[in-house]
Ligand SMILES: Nc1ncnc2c1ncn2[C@@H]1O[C@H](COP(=O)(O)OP(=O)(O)OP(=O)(O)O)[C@@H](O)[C@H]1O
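The data below hold one chain only, encoded as structure tokens and taken in the form predicted on its own.
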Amino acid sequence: MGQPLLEVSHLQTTFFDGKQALNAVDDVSFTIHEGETVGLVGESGCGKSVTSLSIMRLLSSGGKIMNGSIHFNGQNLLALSEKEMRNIRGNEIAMVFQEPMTSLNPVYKIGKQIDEAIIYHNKVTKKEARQRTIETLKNVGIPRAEEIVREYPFQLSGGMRQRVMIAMAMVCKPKLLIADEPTTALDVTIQAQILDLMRELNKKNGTAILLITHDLGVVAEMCERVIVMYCGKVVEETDVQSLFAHPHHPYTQGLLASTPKLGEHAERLGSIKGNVPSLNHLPKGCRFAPRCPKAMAICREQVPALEALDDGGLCRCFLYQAKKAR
């Protein structure tokens, strides 16, 4: 497929709790190619959002990238100055954050917030920026765009605010869009509209998308490849058809078992027992072993490697290493 647009290699992002170092993202590697839509899935607390914030270099003061590299369009983002990174953010890589109400500035009007991104990255007048803002709002399906630019975020519904966030992200036509739970807390009808909008932008502009979600239905509809994370590590990576037809890792199998399916009349959905462990109390060996119905003795002692499978996917599990040995 040629040179990847984004290549994350052995990324380790650490937060410090006193003297203790907590690896929220631990040795994560993946690629995204131009025009590709890749899903990043897992329960809350698995490191998905921290991965995205690491790519954008927007970690809070307590977080630090300790190891690895992030190459975008041939540039190592970790080697850039803050000024150079600001020129990439919003221009070549854009992000739709999880909470549109808290991501938009409540004291500035919608138009001013989008105008600012255009003016920063392009040599245009305020009038030209405003025209482009209105055009972009119309492109994302916002009615009354000429009036909306003069309104504040609190005057808009959740779905409208999310559209504004997508408009703000797409106004400079970035090569990569990172969407962190873009349909969370939206009703089903608005969710479908937002996904249709992202799909249209992907096809129209050739924008690659990293879609972070816990909703496997969204993944099935939107993505070509899927990366499954658990407790800071990638546990499986494959194409979307293989993930749903033949999930390999017990964690992936558990996620799919807990998803309702059309035509099935099960009395109750499956579930994965227990919770994602705290980073300061990680189990020895495989991090999923305490919750895994297929755990073996070795799982509680050693950490499995992420290895290639015969179908071209990757899986971090001793079950498949044992099959290879046989």
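Note that the structure is predicted; figures quoted are calculated from it, not measured. The first residue of the shown sequence is 1; numbering continues from there.
Although it is not shown, the form predicted in complex with the named molecule is what the next lines describe.
S.K.: Taking the named molecule in the predicted bound form as the reference, which of R130, H71, H214, K109 has a non-hydrogen atom within 4.5 Å?
M.R.: Comparing distances to the named molecule in the predicted bound form, the residue within 4.5 Å is H214.
S.K.: With the partner left out here, check for me: in the predicted bound form, does some heavy atom of L279 sit within 4.5 Å of the named molecule?
M.R.: L279: contacts the named molecule in the predicted bound form.
S.K.: Does C46 reach the named molecule in the predicted bound form, with heavy atoms at most 4.5 Å apart?
M.R.: It does: once the named molecule is placed as it appears in the predicted bound form, C46 has a heavy atom within 4.5 Å of it.
S.K.: Could you tell me if E116 has a non-hydrogen atom within 4.5 Å of the named molecule in the predicted bound form?
M.R.: Although the named molecule is absent here, E116 would stay clear of it in the predicted bound form, with no heavy atoms inside 4.5 Å.
S.K.: Please run the contact check for L306 against the named molecule in the predicted bound form: heavy atoms, 4.5 angstroms, yes or no?
M.R.: L306 lies outside the contact set for the named molecule.
S.K.: What I'd like checked is whether F15, V50 and E181 together line the named molecule in the predicted bound form, meaning each has a non-hydrogen atom within 4.5 Å of it.
M.R.: Result yes, every residue of the spot touches the named molecule.
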